[in-house]
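Below you will find one chain, with nothing else, as structure tokens; this is the form predicted alone, and questions on how it binds or moves follow later.
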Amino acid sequence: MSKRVLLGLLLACGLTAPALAQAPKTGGAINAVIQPEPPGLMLAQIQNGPTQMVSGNIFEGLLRYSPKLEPQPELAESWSVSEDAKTYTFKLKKGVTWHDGKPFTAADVLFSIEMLKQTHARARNNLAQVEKVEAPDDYTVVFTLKQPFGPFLGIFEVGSMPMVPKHLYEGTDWKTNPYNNAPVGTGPFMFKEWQKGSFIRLVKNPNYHEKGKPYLDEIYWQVIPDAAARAVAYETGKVDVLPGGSVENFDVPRLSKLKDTCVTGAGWEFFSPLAWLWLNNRQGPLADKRVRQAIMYAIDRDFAKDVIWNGLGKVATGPSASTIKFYTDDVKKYPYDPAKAKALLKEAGYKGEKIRLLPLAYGETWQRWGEAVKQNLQDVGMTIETIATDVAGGNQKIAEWDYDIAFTYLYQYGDPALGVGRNYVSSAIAKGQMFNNVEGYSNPEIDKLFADGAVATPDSKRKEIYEKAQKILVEDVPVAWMLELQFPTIMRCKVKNLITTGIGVNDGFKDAWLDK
């Protein structure tokens, strides 16, 4: 679905400026699909997509981000930066309470930061440039950096740095704390109940710190394991919102044409999801760069985009999505060229050794993609064995490096220092962890470029550094980049103002209302 088609659907559904200017109405419930069912809701400990989609409406960060990734107030009402760009002072909003009525203060911020350093890999990386964090009073937090860090103001959204109630977690075993199963945040909605395999229910926070919000009384997150059944649930009126990725891509055009249905591709700007194949660089044929390059030439990515993803994507050129800072397409190109792939395999001395392929167990689209990639690789003479597993099993295999090729998609968080470097620097090789450098690629020059790029000034210098890093990585092919993904959200046109930020549904329900 092209941007033009999405825009046409938006206009047809009335999502224009006058519609957004309507006075919000209060009350009512929204039923939204959550897929797959999250493993838990404690956002400081679990960072997968379904957890954030639900818990981003329970917890909050210091800041929110506009679709243009501009920082906006949340739990921090204002902030300032010193002239040397090393001191960031946040003024916290007064009168904010946790869902149990206790006040939110700077002590919670300090506690959350210390907790996240131990439980949240991305937060730990984002905070690496922080020398100290202080609270001169209950409503002021001061971050002092070791050196200037350009993307620092981009690390405070709810999924990257959720605030945790100190009074409920201090002195406890964080992993077994009972509030992990009944989370307490400061957000617009409060956790009410979870019937496993059926639904998660959130209810309005009557003491929310933004007067008049939220407008809705409750949200039901419906758990429907089968993709066809999720589509039927929307068609029959059981659910009102299908967040991006809820239904198979081939169903998107059909569902989009239903009466009183609105569609938008907005709400993914902060994430910029990029799909690729992990390639285990450590041993066997894939340790040879020529074999990895052959894989890039062997795979028909245009077919994947046009047929498997129904046009909902863009062929990736390298480690950065085209929507984030400092992207360049001035890199080595890998068009679909089976003959070139065969020549590289021959040059590398590949003799038909078995290579294990681990698809992503996220539904039929990903299954079809796995089959297509397997066929592409077999067509150039590679011996491919598909390893079937569920999501948890696949995550475990990848984290333990027990794979040869594996599907994934990751978020990029608007800046290469926040969401790109973590997959390629040597310091991010850590067995047992997901979403870091699980491919085992190690290049001292890349390590230095990402280290320098994170702290360089001005932005023109950062651009120069990251463009050089992209060129090196695309030559080395530590992973096989596939597509920049698009995940349109489908909803009843009576659902208004759901997507207002760069993370969309993940923190959008406080602004949403029903035009009943």
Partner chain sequence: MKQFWKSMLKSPSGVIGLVILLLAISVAVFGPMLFPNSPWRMVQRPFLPPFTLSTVPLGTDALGRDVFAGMIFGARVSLLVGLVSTLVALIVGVPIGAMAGYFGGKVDDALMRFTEFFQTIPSFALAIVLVAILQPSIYSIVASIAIVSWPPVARLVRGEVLSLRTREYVQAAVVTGQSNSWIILREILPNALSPVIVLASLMVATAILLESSLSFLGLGDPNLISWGYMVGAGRTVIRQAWWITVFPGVAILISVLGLNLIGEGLNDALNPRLSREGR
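Numbering follows the first chain given and starts at 1. Keep in mind that what you see is a predicted model, and the values were worked out from it rather than measured.
The form predicted in complex with its partner chain exists for this protein as well; it is not shown, and the discussion that follows is about that form.
Proximity to its partner chain in the model of the complex, taken as heavy atoms within 4.5 Å, picks out 300 to 308 from the listed stretches 143 to 151, 162 to 170, 266 to 274, 300 to 308. For the candidate set Val81, Ala343, Ala182, Ala372, a heavy atom within 4.5 Å of its partner chain in the model of the complex is found for exactly one residue, namely Ala372. A single residue from the set Val203, Leu110, Ala399, Ala228 has any heavy atom within 4.5 angstroms of its partner chain in the model of the complex; that residue is Ala228. Its partner chain in the model of the complex comes within 4.5 Å of a heavy atom belonging to Glu364. Although the partner is absent here, Arg422 sits far enough away that none of its heavy atoms falls within 4.5 Å of its partner chain in the model of the complex.
Although the partner is absent here, Glu131 lies well away from its partner chain in the model of the complex, with no heavy atom inside 4.5 Å. In the model of the complex, at least one heavy atom of Arg254 sits within 4.5 Å of its partner chain.
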